[in-house]
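One chain follows as structure tokens, the form predicted alone.
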């Protein structure tokens, strides 16, 4: 990123201007904008794999050097993924506007639909990737906003039990009291032992990593190893939660990765993955695929995503909001910014 970049890939607003080629929207309409920028016509868009769009990242060459191929462009998500100005602003330019934005029914409030832009579909896709069957037990690492929606989505898709793993009391409390999840505080309990005990020694049927590259751990030599490697610039990401999910999952189960990873990890348990017939499913979320499906669930009252909002602030208070969220102050779980 460079000075002057605008952050924010989770936003909604009112249409105030239209490009000449936009035919599906009108001025004055209220829309939610998905974070993947997708053309709607390429090979991947035609397969509803919108976050892999071949035409929306003008800096694809940069991504190809790091990842082999480039995913889509993303709002406010670094120059590696297009350098697009994000949604934490008074105005936002929305490319391919006939493909992305979803009109919002007047009967629903902004806060009920805002998270269709990212984290609700992300949690839902994470749960869908688990191929949940009746009676399944799902474990979720991380009870931040994405983790909360992964828990709720696993329940919507028929999970019998969901076990939530975190260390912050306010997050564990929300998962337990609002969603009815069983909880493990990893600062107090050994997660692998606790999961074995809760599942009769077999392990969860599927595990969701909703943490990603900045995972933490307590009393864990592997975590100390990762921090040392990072300090020496020999590793970019901390795969603590991912390693644990792989080791915890029952044999033949699925690890679904919704947490973001950006570069290289070390000490990856490939032997456990192969010898125990585990499956990993992951990816930036194909948000456009899920927006209408989830909007229908919201309209039916099956889920009200606004339950995760803990703070409402003005846009010019964003620096304070970022610090509060980063430092886990005032029981902050999710902030909504209003211009």
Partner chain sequence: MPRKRNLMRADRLGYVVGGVALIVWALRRPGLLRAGVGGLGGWLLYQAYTGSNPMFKPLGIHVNPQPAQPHIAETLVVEEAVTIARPREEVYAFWQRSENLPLAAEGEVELTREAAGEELAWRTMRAEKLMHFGSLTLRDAPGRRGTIVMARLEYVPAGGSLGAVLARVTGRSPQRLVADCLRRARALLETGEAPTTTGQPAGRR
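Nothing here was measured: the structure is a model prediction, and the numbers come from that model. Residue numbers count along the first chain shown, from 1.
There is another form of this protein, the form predicted in complex with its partner chain, and it is not shown here; the text below is about that form.
Segments offered: 36-44, 293-301, 307-315, 278-286. Contacting its partner chain in the model of the complex at heavy atom distances within 4.5 Å is 36-44.
In the model of the complex, residue 26 stays away from its partner chain, with no heavy atom inside 4.5 Å. Though the partner is left out of this view, residue 253 does not reach within 4.5 Å of its partner chain in the model of the complex, counting heavy atoms only. Using a 4.5 Å cutoff between non-hydrogen atoms, residue 60 counts as a contact of its partner chain in the model of the complex.
Its partner chain in the model of the complex comes within 4.5 Å of no heavy atom belonging to residue 186. Interface residue among 145, 82, 204, 101, judged by heavy atoms within 4.5 Å of its partner chain in the model of the complex: 82. Heavy atoms closer than or equal to 4.5 Å to its partner chain in the model of the complex belong, across 113-146, to no residue whatsoever.
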